[in-house]
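Next up: a single chain in structure tokens, the form predicted alone.
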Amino acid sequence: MSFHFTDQAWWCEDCAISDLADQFGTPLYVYSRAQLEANYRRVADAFAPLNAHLHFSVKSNANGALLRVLRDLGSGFDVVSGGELFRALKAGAAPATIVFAGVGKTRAELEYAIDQGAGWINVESAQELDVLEEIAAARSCRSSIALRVNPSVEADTHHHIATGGHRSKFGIDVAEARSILQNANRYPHLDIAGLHIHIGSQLATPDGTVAAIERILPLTELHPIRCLDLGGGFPVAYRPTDHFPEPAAFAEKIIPVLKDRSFEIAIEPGRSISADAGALIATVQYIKPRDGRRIVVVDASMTELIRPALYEAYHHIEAVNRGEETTELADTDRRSDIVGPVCESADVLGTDRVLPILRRGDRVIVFNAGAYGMSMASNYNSRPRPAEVLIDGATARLIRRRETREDLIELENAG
């Protein structure tokens, strides 16, 4: 692993985390280039027998430096807004390698995608098809699209990140998709040449994905299909004790179902590539006893990492430097709640954690924060967003500067 504990301290590749915190300040996002690249190759290798095209999910981490690393590895991109499309293009992505998804694309976003030459637009409703037909007709062009089909498969995951169930807002019902494909001539300016499924994130098993594929395969017999987009959802072990199937285990179940099909396969991994490639570093501000445990107040919060507050998500937390009091105390004397300074009771990064005695000025590291960390960060409580650093061996490169207080009001009209 690129984050490793050596000489009683945590490192990222060949850089000591404490040195990075001293140099760049905290809160700080730290990313490992080696881990990012290894994760990409792990997914690509797993699905190589299908010659699958990988499209990194930009919503998981939109930093341009990371996107450029993945672009150089051969990745395309999955975007879900005009802003993400803009970011991918600015990172040097070829427009044809970009898939534009999203349940509520505006007309302006659809016009932008067509004008920029986005490779695919994943359509999520019949009304969106009508809007796209109007736009393409006005431009006398023919746009390649895929129907995102909701297969009514309940994913084995948290309900907030399940997207394929029968009451989900995402996708087109199978029956409606069948009708659209049978009447594709109603859309002469749209090349309906793909189907897309994505049943959720952090999937515990491949079974739901396989069931979704089998449910929509009959649709491919109604209309010529060039591409089947399987979405993403490969899980990440957030707890040290978690055991989830690797992408290869998903591939092992999926490949036999699709190996004799003539259409191309696309995959949209996000979390499985970026999560464990990133960590959030924070500095202890204050410590106070409360009800038999310690409340450790750090300078990172739900504005930097909202997942614990939003999903009750677990992130493993360690002291950056191991103090001398790691074995002498009973576990009950070392229980800590790691909280942030934001004025919300939900601003808790971790509860009931066994940690060494921490003192003001010590640092903690929050693991697996490379996905849905900085990309979901906010300025709530008028907090400037943190810096981001990319580690490549012994080299640390600032890839996003820390916001200033002046940045907070830069776009406001004081008049």
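What you are looking at is a predicted structure, and each value in this text was computed from that prediction instead of being measured. When you see a residue number, it is the position in the sequence shown, counting from 1.
Keep in mind that the form predicted in complex with a small molecule is missing from the display, and what follows is about it.
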| property | result |
| --- | --- |
| Answer range among 83-91, 252-260, 195-203, 292-300 for contact with the small molecule, defined in the predicted bound form as heavy atoms within 4.5 Å | 195-203 |
| Partner proximity in the predicted bound form: residue 376 to the small molecule, non-hydrogen atom cutoff 4.5 Å | yes |
| The small molecule contact in the predicted bound form: residue 270, any heavy atom under 4.5 Å | yes |
| The small molecule contact in the predicted bound form: residue 187, any heavy atom under 4.5 Å | no |
| Partner proximity in the predicted bound form: residue 215 to the small molecule, non-hydrogen atom cutoff 4.5 Å | no |
| The unique member of 385, 53, 353, 59 whose heavy atoms fall within 4.5 Å of the small molecule in the predicted bound form | 59 |
| Heavy atom within 4.5 Å of the small molecule in the predicted bound form - the one residue of 367, 372, 47, 40 that qualifies | 372 |
